[in-house]
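Single chain ahead, by itself, as structure tokens, in the form predicted on its own.
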């Protein structure tokens, strides 16, 4: 009888342990939640991964082709194009947005709009002497690709949600995550696509 009770209790113990483990919070996330405090523009919601970021975290080296397709397909549905169809704003304002790193840091005033910080990862213009190389050069972006509606739409989508075009990209989802407003994205797209922009000179 005791043996039977033991055999019944053993699987139940494993189920209980598995359930407790599933409910247990990731230790690294627990440490971050304990260490970080909301302040200014820095909010704790950035610690919570959405399904796409959780998927990408599982593949730190290389994302399998089938997973890549699934992520890009799901994220393409999240690209929001302007209702009025206007994709381009003022490239001069776009240049200011691209060259500012303000935003989402605890020291940033919540009333101040975020910038794109684009120069931290990309070369934008020939005259620049300091820029990041994590992302590809954007110099001559429109000039090389053509100033077509199709490329304008691609540029908008890429800024709004780069995961839709390149799964698990390091580039921020500026529109999807409300880092930049729709109006700001118009200006950034103009910086990339206006023939008069320094990007295309």
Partner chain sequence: MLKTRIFAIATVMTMLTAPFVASAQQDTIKEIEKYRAALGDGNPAELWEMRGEDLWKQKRGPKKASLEQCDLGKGPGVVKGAYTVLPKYFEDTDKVEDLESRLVTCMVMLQGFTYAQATKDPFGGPGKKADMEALVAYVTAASRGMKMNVGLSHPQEKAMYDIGKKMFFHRGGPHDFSCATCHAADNIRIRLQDLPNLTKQEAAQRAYTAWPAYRVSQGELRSFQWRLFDCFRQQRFPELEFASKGSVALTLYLARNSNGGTFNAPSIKR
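Throughout, rigid core stands for the largest set of C-alpha atoms superposing within 1.5 Å between the two forms. Positions refer to the first chain, counted from 1. Values in this document were obtained by computation on a predicted structure and should not be read as measured data.
Below: the form predicted together with the partner chain, not depicted.
Although the partner is absent here, residue 157 lies well away from the partner chain in the model of the complex, with no heavy atom inside 4.5 Å. Put simply, residue 82 is far from the partner chain in the model of the complex: not one heavy atom of it is within 4.5 Å. Among residues of the shown chain, residue 62 is not one whose heavy atoms approach the partner chain to within 4.5 Å in the model of the complex. Interface membership of residue 128, defined by any non-hydrogen atom within 4.5 Å of the partner chain in the model of the complex, is confirmed.
Screening 145, 69, 153, 46 for any heavy atom within 4.5 Å of the partner chain in the model of the complex leaves a single hit, 46. The partner is not shown here, but in the model of the complex the stretch 28 to 54 reaches within 4.5 angstroms of the partner chain through a heavy atom at 28, 29, 31, 32, 34, 35, 36, 37, 38, 39, 42, 43, 44, 46, 47, 49, 53. In this overlay on the rigid core, residue 135 has a C-alpha that sits less than 2 Å away from its partner position between this form and the one not shown.
Relative to the superposed rigid core, residue 41 undergoes a CA displacement of at least 2 Å between this form and the one not shown.
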